[in-house]
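One chain comes next, on its own, written as structure tokens: the form predicted on its own.
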Amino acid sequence: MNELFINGQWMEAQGRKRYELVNPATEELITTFPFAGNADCLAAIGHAETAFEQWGRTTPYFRAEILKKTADLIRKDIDILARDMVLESGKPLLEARGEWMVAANLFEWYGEEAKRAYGKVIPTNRLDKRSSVIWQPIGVVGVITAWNFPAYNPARSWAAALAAGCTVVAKPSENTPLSAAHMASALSASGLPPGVLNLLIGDAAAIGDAMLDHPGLRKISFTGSTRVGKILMDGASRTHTRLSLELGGNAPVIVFGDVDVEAVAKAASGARFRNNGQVCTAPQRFYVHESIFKSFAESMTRQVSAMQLGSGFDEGVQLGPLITQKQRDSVLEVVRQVREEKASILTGGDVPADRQKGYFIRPAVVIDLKDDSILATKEIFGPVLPLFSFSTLDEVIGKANSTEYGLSAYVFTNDLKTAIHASERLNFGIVGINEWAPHGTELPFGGWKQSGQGHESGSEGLFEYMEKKLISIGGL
């Protein structure tokens, strides 16, 4: 399966070029993969166009059987799938298994939700007129996904698009292609017709340009950086390509003085460092009420100092490596700048002495920060946890909203009025109150401002891949 998947066949890239996939925990070679380019993408789009003529006219019940069978196959092979995810991403095995379970749930849920893409009949102002609205699949969709969740990111887009009746040209990250290849294999084994899903791994710029330039590709769903999202927005004007964008985040966490400090700090350390902080919804800027700031910082430092780093296969490991050396160096540069800001690093922020192979960093807790610190303004995407203090609700809401991002935010308090006022004034698409996972298969996922446009998951995710059509009959 370490090949491209085009029109139901595993194959080499047309240019015969391959690249090396490296284990981020050991820096050892895992395997090699084809490196696709413009020509491969154009071929895939052509096959997807042809396949759409039939797939777009199938019933949602037919599509549901394939998607639900795919979910069953994922669950059956989860041990193999999770192992390969650990190899390519470095995340702990428990996290990998959990991610694959969510991916399976997405295929099953969208298989069922496709049956509920209801239209409506609209009463008109004339006796001889009948008007109705129906939903139809948009057509060929390009799906470009990031490496941080190599199964979840593709699954939520592929499942929704296929359930809607679209065909897909998918480009997962070249850092984590094994998971996407397993998913394509499961779909094929479940009876997905040739050309309905096509998998490309390779040159992101060339593949993205081919998608934007081809008039037959009607939409791109992208998960990744805000920088690339802006490039896609500029390019989408060329053929009026529709976009769904799930971009960066810089999530504030507001911890009020009435919480159980130890309990919140313990849960917060797990949430902040899930997948080593390489999560767009990761809690990043912790604003802690001044009445509990000292005790919260002390508790957090104890929790983080005790976290175990290592291979994702080792029992008890909570943090694996970062995905690449470039990513590790980027986080180390942030830590260097924090030191120049004269902040206090209470623990971590360096390369472990016993981990010279692999892209590891000890998780850090940082205090004595100014409001314009790099840790407040930049998406870190790594294992650094900054703590800021505040005194009033109005003050902290202003600080929390002072960002170009608007994906997720978190509020911890035992006061209902405070929770309601804070959540309604936060300018973010997702707000969690007293929980770290304000998202789910059945819930809409999307950001405000420069964190994206459109939604994944939930019924909203299905309709992102459909067009609304008005049918009006006169002369009755």
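From a predicted model like this one, the values you see are computed outputs, not experimental measurements. In case it trips you up, residue 1 is the first one in the sequence shown, and so on.
A second form of this protein, the form predicted in complex with a small molecule, is not displayed here; the remarks below concern that form.
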Of 89, 223, 179, 284, which residue is found within 4.5 angstroms of the small molecule in the predicted complex when only non-hydrogen atoms are counted?
-> 223
If we test each of 292, 217, 144, 364 for a heavy atom within 4.5 Å of the small molecule in the predicted complex, the one that passes is 144
Which among 182 to 190, 395 to 403, 369 to 377, 166 to 174 is in contact with the small molecule in the predicted complex, heavy atoms within 4.5 angstroms?
-> 166 to 174
May I ask whether 204, 228 and 232 all come within 4.5 angstroms of the small molecule in the predicted complex, judged by heavy atoms?
-> yes
According to a 4.5 angstroms non-hydrogen atom cut-off, is residue 208 in contact with the small molecule in the predicted complex?
-> yes
